[in-house]
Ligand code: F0G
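For reference, the chain that follows is the form predicted on its own, supplied as structure tokens.
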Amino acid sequence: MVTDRCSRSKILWGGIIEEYRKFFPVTEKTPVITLQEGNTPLLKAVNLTKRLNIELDLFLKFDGANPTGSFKDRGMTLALSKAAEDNAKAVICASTGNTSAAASAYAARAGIKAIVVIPEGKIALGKLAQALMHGAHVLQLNGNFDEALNMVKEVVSNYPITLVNSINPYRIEGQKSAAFEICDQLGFAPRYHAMPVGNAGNITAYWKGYKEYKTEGIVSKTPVMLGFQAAGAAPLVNGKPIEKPETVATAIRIGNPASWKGAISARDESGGKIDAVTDEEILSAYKLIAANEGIFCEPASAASLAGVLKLYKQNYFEKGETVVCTLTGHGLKDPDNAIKVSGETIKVRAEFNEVKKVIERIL
């Protein structure tokens, strides 16, 4: 049978701007800077629910499958497309890692220079490698993320450079596309949607997306939004900024979220919660996801499942309800923590007897 290549090409995913164009502030004059982001897997957590005896219809939205390995690509395609439309010569961001990777990649695609300011010693090696390989100018600040963000704000107030952190409204616009995809993939909006919260742009964006789909009549209801911060970096839970946030989950190690108001609105308007989970709970969920579902996410991503497990033990959910957990980034972003947490050792020059012992233990 001869394959019709022309007809096949029409069904290829074109990236979120082309797929959801009517929902975005773009025109025919907007150059679309895309790496064909979006269309990420929504996987039912069959093994996890059985192992933990959880009576929920639980799904994992794996945004680590985006081109640079995190949900940030969704916002960056729109931010860089609009920057290119405005003839920007350079973009800048403060980052704990994922934003720098996405900004650098999309800037490279657009032919625009990227400048990245990172907190000293607070960025996973995989993310730093991405920014460097994409040709970004990487600067390390002697301070935390919040101080880095203040610095880049000062830079853009003095120079004609486009800021692409989530305070850029186009970032939120792009990130809302994940809510569209979940509704399209399920055929309806979930009863609950859980996600990690760091700078709080994602929970703000998802809520915006769900509301827009409801307004368009595509779904009849919006979900209850559940946000989870690391206990050592939980300003929204504590009700005040944290000067020196600490957590193993570097992607959400943020003490003063830029989208604070948006996150609180998402919580209150949806009747949801923003809660804290410990590093131990995060790392436990991190291992559970990888070992039971074959999905390797970064530690911060697992805060969503950790939070759901915590609330489930408190009888927060009704049996059988549909819950979606966003997994924000790929595990290869932070291989050092993965090796530490796995608890496994690798046999050097293993002989047949060692292999035999492993097989007998498994069987």
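Since the model is a prediction, treat every value here as computed from it, not as a measurement. A residue's number is simply how far along the shown sequence it sits, counting from 1.
The same protein has a further form, the form predicted together with this ligand, not shown here; the description that follows concerns it.
Proximity to this ligand in the model of the complex, single hit among 277, 266, 251, 79 (heavy atom within 4.5 Å): Of the candidates 277, 266, 251, 79, 251 is the one lying within 4.5 Å of this ligand in the model of the complex.
Kindly indicate whether 92, 152 and 168 are, all three, within 4.5 angstroms of this ligand in the model of the complex, using heavy atoms. Contact check failed for every one of 92, 152 and 168.
Can you pick the stretch from 267 to 275, 196 to 204, 240 to 248, 280 to 288 whose heavy atoms fall within 4.5 Å of this ligand in the model of the complex? The contacting stretch is 196 to 204.
Would residue 177 count as touching this ligand in the model of the complex under a 4.5 Å heavy atom rule? No, residue 177 stays farther than 4.5 Å from this ligand in the model of the complex.
Any chance residue 307 has a heavy atom within 4.5 Å of this ligand in the model of the complex? It does not: once this ligand is placed as it appears in the model of the complex, residue 307 has no heavy atom within 4.5 Å of it.
Does residue 106 make contact with this ligand in the model of the complex, using a 4.5 Å heavy atom cut-off? Output for residue 106 is no: heavy atoms all beyond 4.5 Å of this ligand.
This ligand contact in the model of the complex: residue 227, any heavy atom under 4.5 Å: No.
What residues of 48 to 84, in sequence order, lie within 4.5 Å of this ligand in the model of the complex by heavy atom? The stretch touches the partner through 71, 72.
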